[in-house]
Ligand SMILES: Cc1cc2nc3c(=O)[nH]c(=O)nc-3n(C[C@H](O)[C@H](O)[C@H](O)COP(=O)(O)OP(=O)(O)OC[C@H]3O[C@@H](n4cnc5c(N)ncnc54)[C@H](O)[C@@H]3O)c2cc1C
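To begin, one chain is listed below as C-alpha cells, in the form predicted on its own.
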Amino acid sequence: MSALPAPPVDTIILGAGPAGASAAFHLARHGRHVVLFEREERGRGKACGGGMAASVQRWFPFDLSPAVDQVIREVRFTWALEDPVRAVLPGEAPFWIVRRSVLDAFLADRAGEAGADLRFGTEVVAVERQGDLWNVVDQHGQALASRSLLIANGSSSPLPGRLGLGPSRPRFATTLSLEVECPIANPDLARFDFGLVPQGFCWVFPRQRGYSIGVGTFLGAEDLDADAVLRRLLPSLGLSPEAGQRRPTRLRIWDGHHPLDGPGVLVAGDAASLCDPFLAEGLRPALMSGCQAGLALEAWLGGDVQALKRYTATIRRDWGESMMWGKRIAQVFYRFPRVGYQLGIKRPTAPQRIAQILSGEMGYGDIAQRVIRRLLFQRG
C-alpha cells in the first residue's frame, strides 16, 4: 500500500537571505507551517556592502544588535579621493554595518526558533502552480506542496519574470565588493567616493577588524574597470592594491512600479527589484519587504483575500514612491557626476540630507525636485 502524499504546508519560501528569513520568522511566530529552502550552506559569505539603517529594528520584536558589526555615526564624501565633505548621522537613527553571513544566519536562527523548517544546502529545481497549490521539487527529487509561495532568492532569480512579477526586463547595477582584514583608524566613519567610478561610486565601510569595500556603477556597466578603481582606492587606505578577495555581482535596482503579487505568491527582497537606484542600498528594502510579505501571507492564509494585493500597494507606498524620485536623481547625477558632486554633495545642507536618507529618516521625495532642478539648470 503506497503512502499518502503529505498535506500541503502553509508557505514555501525560496531564499534564506534577509527577506526570506524575515518572512519565515513572522509567519512561524503566528503558528504557520513554513518551509524555507536555501541552496547555499548556512553561513556562506555574500557579496554585499553590509550597510543598513538602524531604523530596521522597528520591524522585529527581537534585538538585532548581536548581528551588527559596527555603528556608523559619520559619513565622508569625496570626489576622486579629494574635496571631502563630512556629515553626522542623526543620533537616533545611525547606520549599521553587518556581515551578510552573520545577519542571514542570525535571522534564520530566529525563524527556526519560531518553528520554521530550515532546509539549507537544498536547491529547488522546479516550481509549478497546480490548482490552488504551489508544488516544488528539490534537487533530490523530493516534492512538496504549499498553499502559498514567497520568492526571495535574490537578483539572479528567474522566477519573478516567469510569473509576471516585478519588471519584465530588470535593470541592474554592477558591483564588486571585498572585505579586508586590517587596522581601522575611524571605526564610526563610512566613506563614499563619487569621482573614481564613471557613472557610479565606491564605498568604504568599517567593520570589526577591517573594511568592507565596494565599487558600483548604474550606467554603462560594461565599462566598469573595478580593478583600476581599487588600485587607486586601496592605497589611500594604506592597503595593497591587490588586497581582498573580489566578489562581483549584479543588483536588480528599482525601475518603476510593478505587481509583486500573484495567485498565492509574493516576491520580496532583491528578487523584487527593490535596490536603491542612487545609493545601491538593498538590505533595508529586503528586510522591509520580507517582514511585510510575512504579515501579508499570514493575513491571506487567514482568509483575507486582498492581503497580497495590499502587499504590492504597501511596498509601492513605503518604498517605491521614494525610489521613483531616487531614480530620477540618479539619472541626472550619474550623467553629470562632477557637476552633481559640486551642486549636490558640496551644498551646505546636502550631506546631511543624504545622511538622513541613509538613516531612513528621510526619503528622496523630500529633496528630489530641488535637486533635479539644480542639476539640470545649473550644470552649464
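Predicted model, so just to flag it, every value in this text is computed and none were measured. Residue numbers run from 1 along the displayed sequence.
As for the form predicted together with the named molecule, it is not shown, yet the points below apply to it.
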{"item": "Location of the named molecule contact in the model of the complex, chosen stretch of 108-116, 262-270, 74-82, 141-149 [non-hydrogen atom, 4.5 Å]", "value": "262-270"}
{"item": "The named molecule: the contacting residue among Gly50, Gly320, Gly344, Pro337 in the model of the complex [heavy atom, 4.5 Å]", "value": "Gly50"}
{"item": "Arg316, Arg328, Arg42, Lys46 - the one with a heavy atom within 4.5 Å of the named molecule in the model of the complex", "value": "Lys46"}
{"item": "4.5 Å heavy atom contact, Asp255 to the named molecule in the model of the complex", "value": "no"}
{"item": "Ile12, heavy atom within 4.5 angstroms of the named molecule in the model of the complex", "value": "no"}
{"item": "Partner proximity in the model of the complex: Glu123 to the named molecule, non-hydrogen atom cutoff 4.5 Å", "value": "yes"}
{"item": "In the model of the complex, Phe333 touching the named molecule (heavy atom, 4.5 Å)", "value": "no"}
{"item": "Stretch 11-35 - residues with a heavy atom within 4.5 Å of the named molecule in the model of the complex", "value": "Gly15, Ala16, Gly17, Pro18, Ala19, Gly20"}
